[in-house]
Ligand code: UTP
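One chain comes next, on its own, written as structure tokens: the form predicted on its own.
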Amino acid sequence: MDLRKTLSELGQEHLLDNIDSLSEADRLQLEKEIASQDFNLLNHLFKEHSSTPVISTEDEILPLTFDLAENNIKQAMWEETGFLLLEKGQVAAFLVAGGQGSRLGFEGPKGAYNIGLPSGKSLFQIQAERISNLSSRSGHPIPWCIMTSPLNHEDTIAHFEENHYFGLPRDYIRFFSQGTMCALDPNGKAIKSSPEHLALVPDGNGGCFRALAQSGTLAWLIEKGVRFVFLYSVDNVLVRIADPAFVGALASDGRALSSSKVVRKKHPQEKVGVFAVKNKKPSVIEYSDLPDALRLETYPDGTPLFDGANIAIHLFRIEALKKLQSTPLPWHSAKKTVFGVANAWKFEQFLFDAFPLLGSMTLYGVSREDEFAPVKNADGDDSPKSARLMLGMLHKYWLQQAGVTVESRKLYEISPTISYGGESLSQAVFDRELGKNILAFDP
């Protein structure tokens, strides 16, 4: 293929300027990156000036209702069903972990970050131990798919290798990187970050379905007989990975291809995306796209009408992932400064755009205090400190529910190796494990 001719036809021939001055290795690297990009698609997106869809007056927007799952009389049955599926090896976990810890002042994969718990465990280790607990109880390893990004792929693998994969079987873990899209300048020309590199940016969390398939990981899951895939983000320290009751609830629903955990909003103006029915299809509507008239509307008891906050915990049937590998999601755009170029165009896909394509879905209501403590900011809300406090208070509650005598002024960290969700605790366990797998700390 004549690369120069091809790029010239696409209006991107400037990418080869000064290529002859590069070393052979740098030239090959640049050519490899150019070949990885679909410039026809990029040109099309630039001409269309794709942008996040907004709500129009013609759209029919209705709330997608939910109840707290713990209050459902079927909860015990769902949990039993989920464990049966785990025992058969039919449940896998899919971690979206492409982010860096830069906003936390940490240079490295966000999952390798230690939020300051007394154990010093990283987010990856906490999650690995939860998987290990469920695997031991069900008697079957849980396949763990970990999507990185080009920014942290090698460092993520190195972190797992240094920690001996946290005791999990290596052949049940798959690492793969999400895709990238080249940023364009205000005139639609592809940007280079250096003479030998394009300005490649991640293609959004919606690219996870394509990456899962293109990496061969979807085929790997199918080969292992997986039927349900639990998808979540790296920064939630309370996430109950492959939650048996959550899995069982979807398995017991004969219609839905997916399910999502939701929490009630702190207040109507909380800046979170909410689940809704948009034009008769399940959707997530971003905070900025929901008109005030709908955002502030309440039921007679004062509860917000649109109250199901998206916390990025989802469950998919394998049939849904098969469909999504060949069903393109819409592209969104944003104008940002990229490698010093102001008002550059970057394009990405959003995971929640999958729900309207899949059709029927269910919502699984959980308490924020039990399952949602994200680590996004260095200080304040959704910070390491707030996440530590939430985990410490939850684990203290577990101990109190188990009849354990605890210090009133202390919080506690319970290792997932001895309790996944508050089970298996007692005064005898507390006395034996305090200072080992149960650690006290100050609020």
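Given the structure is predicted, the values throughout are model-derived calculations rather than measurements. Counting begins at 1, following the sequence as shown.
We do not show the form predicted in complex with the ligand, though everything after this point is about it.
Screening 141, 304, 273, 99 for any heavy atom within 4.5 Å of the ligand in the predicted complex leaves a single hit, 99. With the partner omitted here, the residue from 196, 353, 371, 235 that has a non-hydrogen atom within 4.5 angstroms of the ligand in the predicted complex is 235. Contact check for 147, 204 and 376: all three have a heavy atom within 4.5 Å of the ligand in the predicted complex. Partner contacts here mean any heavy atom within 4.5 Å of the ligand in the predicted complex, and among 254 to 262, 204 to 212, 163 to 171, 128 to 136 they occur only in 204 to 212. Among residues of the shown chain, residue 110 is one whose heavy atoms approach the ligand to within 4.5 Å in the predicted complex. Interface membership of residue 178, defined by any non-hydrogen atom within 4.5 Å of the ligand in the predicted complex, is confirmed. Mapping the unseen interface onto this chain, residue 323 falls outside it, with no heavy atom inside 4.5 Å of the ligand in the predicted complex. Proximity of residue 281 to the ligand in the predicted complex falls outside the 4.5 Å heavy atom cutoff.
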